[in-house]
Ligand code: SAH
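Coming up is one lone chain in structure tokens, specifically the form predicted on its own.
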């Protein structure tokens, strides 16, 4: 093995999975490993898996088959599998793929160093047990050499698991039951983020706004309401944007709605999963709200923050969905005017109630419905973008645009992608900069930098987060690995 041990993490799925990969990367830095640019340069490869769609699971098995050659190409290489499929499939992965050295589930990130040590000695291991202990949140501070892939942005887990048991969803089986971190630990981690130059902080949880509900019901100290948690975080100097994902419509209480009116740092964007615009389908999905309930939540949020934009998740082709049910979804999407939606065809998942339901929708019918829904949403998105032409906004720069050239890209407070051109070196990843929107596309906004004086006032230089020296002394942005989302899947894990 080379003098510097290198790792690469390939991530599938939602933001929770991406943040888990960051946690594993940080653990590996503490063990003396450094990030490789790609899997070819890695001595250790970890596949962090997603099981919310069957395509993602099939992709894992395809990848693992191909990785036999990767492992054989260099003696001493180590291959690990993590995440939701690992939690679900357990030792079946190792039985089928003998070249996999260790497998660990979503509750066992802390065990990666010991599992890796065993693998390096030729001893395979498996850790997929569930844990209700708060120790699973007990992870080391950010390693000084670890910078992350998104300068100026940070993610913070406030709770894990889900007790909702929607009939289509595997999350309770892969992430376990709800468990919330004590508020003081969350505040301390947020302060650590701010001290490193993080300006935008996203709170993560499978049902993030259910944070602490079981503790409060039992009279246990340590957690607060989610609205109260947001208010405490908003007081931390340096945190200029707060986001959260993924909430459940059921847990938008008056306190949380009021926070959107009261807190300037709370971004005017809510990702509010709908799943269907039909009451019969919502009932079969076990979503625990009606169409009118959902409308009321939207109305309350928009009354609290008139400029708030909504995005959502939608499933078509759920068992028993009729043409009338689907039309209800189309009508509600048009009525509520979502700025964006993550929509996909229903995919039966093992162990879920819906997998054994009658009334399967033919694949071609589901595909046609998906295409019609996505066409409607494209029109809504473009219309929303066009309404913003001529307005100014503030962008947290993430890096170069996918369109290449000198264009840079970032997100504004409404979570819209904004692409703009700037002189070389004038703007760096991690900076907040004022721009004016000049053009709308179906997927992003095109902008130009505001005048130099205004831009100078708006910029917050975060150069300490914008890069790092690699093992050969060059400046490079740290990247733990690629994040790959299953086709049509929400990045929010709901």
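Positions refer to the first chain, counted from 1. Please read all numbers here as calculations on a predicted model, not as lab measurements.
Below, we refer to the form predicted in complex with S-adenosyl-L-homocysteine (SAH), which is not included among the displayed structures.
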| item | value |
| --- | --- |
| Sole residue of 46, 433, 52, 447 within 4.5 Å of S-adenosyl-L-homocysteine (SAH) in the predicted complex, by heavy atom | 52 |
| Answer option from 246, 311, 150, 419, heavy atom within 4.5 Å of S-adenosyl-L-homocysteine (SAH) in the predicted complex | 246 |
| Among 411-419, 226-234, 360-368, 166-174, the region lying within 4.5 Å of S-adenosyl-L-homocysteine (SAH) in the predicted complex by heavy atom distance | 166-174 |
| 4.5 Å heavy atom contact, residue 180 and S-adenosyl-L-homocysteine (SAH) in the predicted complex | no |
| Partner proximity in the predicted complex: residue 193 to S-adenosyl-L-homocysteine (SAH), non-hydrogen atom cutoff 4.5 Å | no |
| In the predicted complex, residue 315 touching S-adenosyl-L-homocysteine (SAH) (heavy atom, 4.5 Å) | yes |
| Touches S-adenosyl-L-homocysteine (SAH) in the predicted complex: residue 347 (any heavy atom, 4.5 Å) | yes |
| Interface residues of 266-286 toward S-adenosyl-L-homocysteine (SAH), as seen in the predicted complex [heavy atoms, 4.5 Å] | 273, 275 |
